[in-house]
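Okay, so here's just one chain, in structure tokens, the form predicted alone.
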């Protein structure tokens, strides 16, 4: 049995040092569109099949292509309407395959963070050197095509090795979306000793989990988003929190689904005391203002695991 990787201590939610977001906000709210590229016939990884059907899985491929051809434009226009800058979880191969999408998002000052190169290439079974090459190549592509260094990471298809976060931190990253374990940013221990954190990214609010895994109808998804926000907004009066909505344009942007999301977006952004922001801005603010106090509080509690 593998030991605990020791990425973070147990740090109970109650009585933590209080966070302050810009403008006195209760909730730091960010939207993370996953803009991905899938290969029709990817290299085989023995640990996981890329497609549920034999290659070529035309239906699976074409469904995802709909997101890049149609769905993204629809979603981008909707986020514009409510003043939301997306934080793109980017398959960096998109920079070569669909540079027009990169240009549209760059012109809107959206954030780009790494989601690997292709969402059909998994890191399971990679050596440390192989994974480092993939991480650094994706970060270099983001810098080349956007002019800004990559700050955040969501592993391609949520696949990891025991070295993933160490390698990303060593390449200059400052936050991960891969831990799913809290409603506030938290320190993450990496072997370099650099300041590195988890920024909350909710699988529960992720449209693919909602629509594909949990088979929830659009109207109910909209209700879930509002209920999630209401709870966080109430708790944020005492100690501010983070809400993330992760999206995929081949899921949420179908004509019959988008209105439910728009109603939730209008509801959330219509509240006062909400900081509508990006993953990078949350990470930079929290590291600059709260990281040291958080580490000191964890140590004062005598956390050992």
Partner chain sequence: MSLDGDYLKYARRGYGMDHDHYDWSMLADRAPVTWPGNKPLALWVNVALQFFPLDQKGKPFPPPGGMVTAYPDLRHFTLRDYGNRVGVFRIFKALDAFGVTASVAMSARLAERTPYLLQRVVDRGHELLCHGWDMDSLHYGGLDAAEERKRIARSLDVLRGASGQSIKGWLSPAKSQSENTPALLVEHGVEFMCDWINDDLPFPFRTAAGELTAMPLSTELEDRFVITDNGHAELEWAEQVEDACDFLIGEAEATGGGRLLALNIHPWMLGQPHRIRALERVLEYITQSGKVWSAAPGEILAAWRAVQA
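Numbering follows the first chain given and starts at 1. This one's a predicted model, so the numbers in the text were calculated from it and none came from an experiment.
Quick note: we don't show the form predicted together with the partner chain, though the next part is all about it.
Highlighted residues 54, 63 and 125: every one comes within 4.5 Å of the partner chain in the predicted bound form, counting any heavy atom.
A heavy atom within 4.5 Å of the partner chain in the predicted bound form is found for exactly one of 81, 97, 191, 160: 97. Checking 143, 209, 216, 224 against the partner chain in the predicted bound form, a heavy atom within 4.5 Å turns up for just one residue: 216. Interface residue remark: residue 103 is not counted as part of the site for the partner chain in the predicted bound form, having no heavy atom within 4.5 Å. Residue 45 belongs to the set of residues with a heavy atom inside 4.5 Å of the partner chain in the predicted bound form. Although the partner is absent here, residue 74 is a contact residue: one of its heavy atoms lies within 4.5 angstroms of the partner chain in the predicted bound form. Residue 245 falls outside the set of residues with a heavy atom inside 4.5 Å of the partner chain in the predicted bound form.
The stretch among 237-245, 24-32, 273-281, 257-265 whose residues place heavy atoms within 4.5 Å of the partner chain in the predicted bound form is 257-265.
Of the residues in 117-149, those that come within 4.5 Å of the partner chain in the predicted bound form through at least one heavy atom are, in sequence order, 117, 118, 120, 121, 122, 124, 125, 126, 127, 130, 133, 134, 141.
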